[in-house]
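Single chain ahead, written as structure tokens, the form predicted on its own.
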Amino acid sequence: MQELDVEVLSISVDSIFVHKMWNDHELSKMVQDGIPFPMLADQGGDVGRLYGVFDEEGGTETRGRFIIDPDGVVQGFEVLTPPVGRNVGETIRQIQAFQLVRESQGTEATPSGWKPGKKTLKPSPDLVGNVWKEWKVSEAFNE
């Protein structure tokens, strides 16, 4: 995801051999040229434990997505059970929102459903109780 200046890593308890089989027999048929980021093996579950997604009883990891800023601070995360797929478009939107807020040093905030190029909010005491004047909920859900 070079255009966003981010690094993406996939980490699971599966071995590198399982990752290779999955990539060769599944992903390569769904994603042209396979996935464009490394798949790392966490066979002992150490990384999963660190992020609270390792299931000790099952020896597996729940699917989690963590957005970590350049300072190493987790800015956002989502954990889903395996039967529920993730939305890559929403992940990209959130990364763009976190980047905008970081670049503005907190002088801009992105409301629910914000997309690049759309209006942002300017946090201030005057905004409290007046967000509705700046942004209409129906606009975010109808785009």
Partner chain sequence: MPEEFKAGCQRPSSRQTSQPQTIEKEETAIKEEKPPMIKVGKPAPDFTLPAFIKGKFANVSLSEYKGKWVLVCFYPGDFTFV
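Computed from a predicted model, the values in this text were never measured in an experiment. Take the two forms, superpose them, and find the largest set of C-alpha atoms that agree within 1.5 Å; that set is the rigid core. Positions refer to the first chain, counted from 1.
One more form of this protein, predicted in complex with its partner chain, exists but is not displayed; see below.
- Among residues of the shown chain, Trp114 is not one whose heavy atoms approach its partner chain to within 4.5 Å in the model of the complex.
- Contact between Asp5 and its partner chain in the model of the complex is found at the 4.5 Å heavy atom cutoff.
- A residue is said to contact a partner when one of its heavy atoms sits within 4.5 Å of a partner heavy atom; Ile16 meets this definition for its partner chain in the model of the complex.
- Among residues of the shown chain, Lys118 is not one whose heavy atoms approach its partner chain to within 4.5 Å in the model of the complex.
- Contacts to its partner chain in the model of the complex (heavy atom within 4.5 Å) from stretch 22-42: Trp22, Asn23, Asp24, Glu26, Ile35, Pro36, Phe37, Pro38, Met39, Leu40, Ala41, Asp42.
- Once the rigid core is overlaid between the shown form and the other one, Leu121 does not reach a Cα shift of 2 Å, moving by less than that.
- Once both forms are fitted on their core, the CA shift for Ile92 between the shown form and the other one remains under 2 Å.
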